[in-house]
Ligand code: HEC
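Just the one chain here, laid out as structure tokens, in the form predicted on its own.
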């Protein structure tokens, strides 16, 4: 190959390199990369559910804000209305019942009463009972300390819960001070479903529908979990406690247990305990019979309520036929 051919080859390589460089430079200036400010398609990710697929518990208002208008006198009355006095004492030096004495509980360790057999769930909790922790505990004990033996379902009403906590705060020679209120987060008000006929929340299936798939065995377990056994007996011929024996209650008159002292509110109810009336009563006793001495707040879960009613139905030598049977 002569020198002319070599020169041509070298020149071709140089020209190609220069052309590649110039093309790249022009391309960078003509086509510029822009990072999008927001995605082209919005994908809404739902909030994480609690373990087991249950909805996550709502965020509670700051306890300091609730205590700003709390009334300890109302709180003391609420401990009777809600049935707390069936398991606890509140006087200084009072004995334990099913639960510990609660005098001096605010600011004390979780296992504050010497000698009381606390559950492992509460033993695992470190530090004192702060006002904020009591707020969480009394909203739903089973969520605050999974595995607790406390069968109480909780106090969902913010005002009522704050009144009880404020009352507990006063049970001390040196009550814990109420902290200053915090700025509250703006939250959309949750719509409260209007009550349907029969007192159950709107949108619930009828009790007839619920009973078709109800589980009496689960209902029996629920009577223990919800604390019904603290006040009632369920066996045939069982004695009354704070409440009447419930054997044979379905289909029987409202005042079905002879010799038991029913409230005027229940004495005024005529006719038998039908499935529908039991459903209304167990949803919220205080709404079904205003003035009742029944301190239980009610069973808000319709499936759980139907299971309990199905269990009560079995407490008879001749159980009432299920609707549609």
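Note that the structure is a prediction, hence the values are computed from the model and not measured. Positions refer to the first chain, counted from 1.
Missing here is the form predicted together with the ligand; even so, the following discussion is about that form.
Undergrad: Given that the partner is absent here, does residue 119 sit within 4.5 Å of the ligand in the model of the complex, heavy atoms only?
TA: Because a heavy atom of residue 119 falls inside 4.5 Å of the ligand in the model of the complex, the answer is yes.
Undergrad: Should residue 211 be counted as a contact of the ligand in the model of the complex, where contact means heavy atoms within 4.5 Å?
TA: It does not: once the ligand is placed as it appears in the model of the complex, residue 211 has no heavy atom within 4.5 Å of it.
Undergrad: Could you confirm whether residue 179 comes within 4.5 Å of the ligand in the model of the complex, counting heavy atoms only?
TA: Close contact is absent here: in the model of the complex, residue 179 is far from the ligand, nothing within 4.5 Å, heavy atoms only.
Undergrad: Closest heavy atom of residue 83 to the ligand in the model of the complex, within 4.5 Å or not?
TA: Yes - in the model of the complex, heavy atoms of residue 83 and the ligand come within 4.5 Å of each other.
Undergrad: Identify, from the list 239, 149, 159, 236, the residue with a heavy atom within 4.5 Å of the ligand in the model of the complex.
TA: Partner contact (heavy atom, 4.5 Å) among the options: 149.
Undergrad: Using a 4.5 Å heavy atom cutoff, which residues in 243 to 275 contact the ligand in the model of the complex? It's fine if the answer is none.
TA: 243, 244, 246, 249, 253, 254, 255, 256, 257, 260, 262, 263, 266, 273, in sequence order.
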